[in-house]
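First comes one chain, alone, set out as structure tokens in the form predicted alone.
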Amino acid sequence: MSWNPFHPDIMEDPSSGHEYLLDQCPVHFFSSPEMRFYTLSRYDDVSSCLRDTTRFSSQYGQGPNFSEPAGMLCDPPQHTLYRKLIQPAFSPKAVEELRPKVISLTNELVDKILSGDSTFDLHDEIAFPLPVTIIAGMLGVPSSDLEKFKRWSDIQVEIMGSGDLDKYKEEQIEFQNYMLKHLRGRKLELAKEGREGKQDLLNLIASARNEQDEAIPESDALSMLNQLLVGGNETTTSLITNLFWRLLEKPSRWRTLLEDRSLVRSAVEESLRYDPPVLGLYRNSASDIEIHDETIPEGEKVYVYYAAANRDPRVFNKPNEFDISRKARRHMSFGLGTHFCVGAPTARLEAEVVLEVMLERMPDLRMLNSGERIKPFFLWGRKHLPCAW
């Protein structure tokens, strides 16, 4: 027996392959004409891999294809420098300052739903517009360009998960030119105003300088903007849709939350554990690596499978049960170590606020059907989630 992440059954339900990987094949090799990689699935192996940037490098990208190092998708010390540059935008204080905006925007979206038909698509009308509006605002992008941003973000994700890095070449060039113009425009503003201007993410990147007090390369700045766009949009959209999907597929879960709002935070964490928006990301073997009597040769891609680690029975009691009262926050859904997701606090904030607002304003919410999943094999979310109120 083997495991194929592209098999229709696995695409439909990735968890259907977890038991095989965890019990029988903790180091799995997959090969196709488009790509090849090893997969690590056990919690302890995933944890060790993510903490070991010497043997498991990010130097050639965190997707299934080898790419040139840029921005934060590098090993320390370059990664450390770039992460430090943008960290102020994701500090506890900065994230908490976002809360009123997230609450206001969520209520605006709910107002629009309640003023229309009793049926709606939760993905299209809540889960997509909220995160993309927030991250676009943090990047200083006008709201009039949100649809462009969504399209570009979808394209970036599809490219990352395919075997063709030149796919959508014209759209990639369009996006890069847009962001380059935006970046250079902000640099001109900063030159006139000084570096004490608005401290949004774009400002932090436009004014960033390296340890030699030189402006960081535009290629790295654009890479960071791209990573932040995708990370602050696609994954949070899937977190929100996955959360409501599981809560509504068994109405008793929704009723439990209506009766006990203190479970909101643990419900979000259980959604992250059970249905991670990013099933896994990649590292590159910097040497021959021995694990479980298997050898991962130097120079191979290694799929770090968060989703399987989150269901490892060695760590989680009854891992295949969705339990909104579960207290554990040891899931791998935001990664671990050096490359732990910088936007994790923002994603948690948005998901918690949406859930709190919907419980308050749409207590009779119900799901019509489970919709359909998004396309990229290494991501997990609903492309549509038809609901009614």
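These numbers come from a predicted model, not from an experiment. Note that residue numbering begins at 1 and tracks the sequence as displayed.
There is another form of the same protein, the form predicted in complex with a small molecule; it is not shown, and what comes next is about it.
Peer 1: Among 267, 130, 206, 281, which has any heavy atom within 4.5 Å of the small molecule in the predicted complex?
Peer 2: Residue within 4.5 Å of the partner: 281.
Peer 1: Please tell me which of 90, 168, 316, 178 lies within 4.5 Å of the small molecule in the predicted complex, judged by heavy atoms.
Peer 2: Filtering the options by heavy-atom distance leaves 90.
Peer 1: With heavy atoms only and a cut-off of 4.5 Å, decide whether residue 338 touches the small molecule in the predicted complex.
Peer 2: Flag for residue 338 set to yes.
Peer 1: Classify residue 72 as contacting or not contacting the small molecule in the predicted complex by the rule of any non-hydrogen atom within 4.5 angstroms, answering yes or no.
Peer 2: Yes, residue 72 is a contact residue.
Peer 1: Is there a non-hydrogen atom of residue 239 within 4.5 angstroms of a non-hydrogen atom of the small molecule in the predicted complex?
Peer 2: Contact check for residue 239: yes, within 4.5 Å of the small molecule in the predicted complex.
Peer 1: Indicate whether residue 126 is a 4.5 Å heavy atom neighbour of the small molecule in the predicted complex.
Peer 2: No, residue 126 sits far enough from the small molecule in the predicted complex that none of its heavy atoms falls within 4.5 Å.
Peer 1: At 4.5 angstroms, heavy atoms only, are 135, 228 and 231 all close to the small molecule in the predicted complex?
Peer 2: All three within 4.5 Å in the predicted complex.
Peer 1: Want to guess which of 151-159, 293-301, 179-187, 75-83 is within 4.5 Å of the small molecule in the predicted complex, heavy atoms only?
Peer 2: It is the stretch 75-83.
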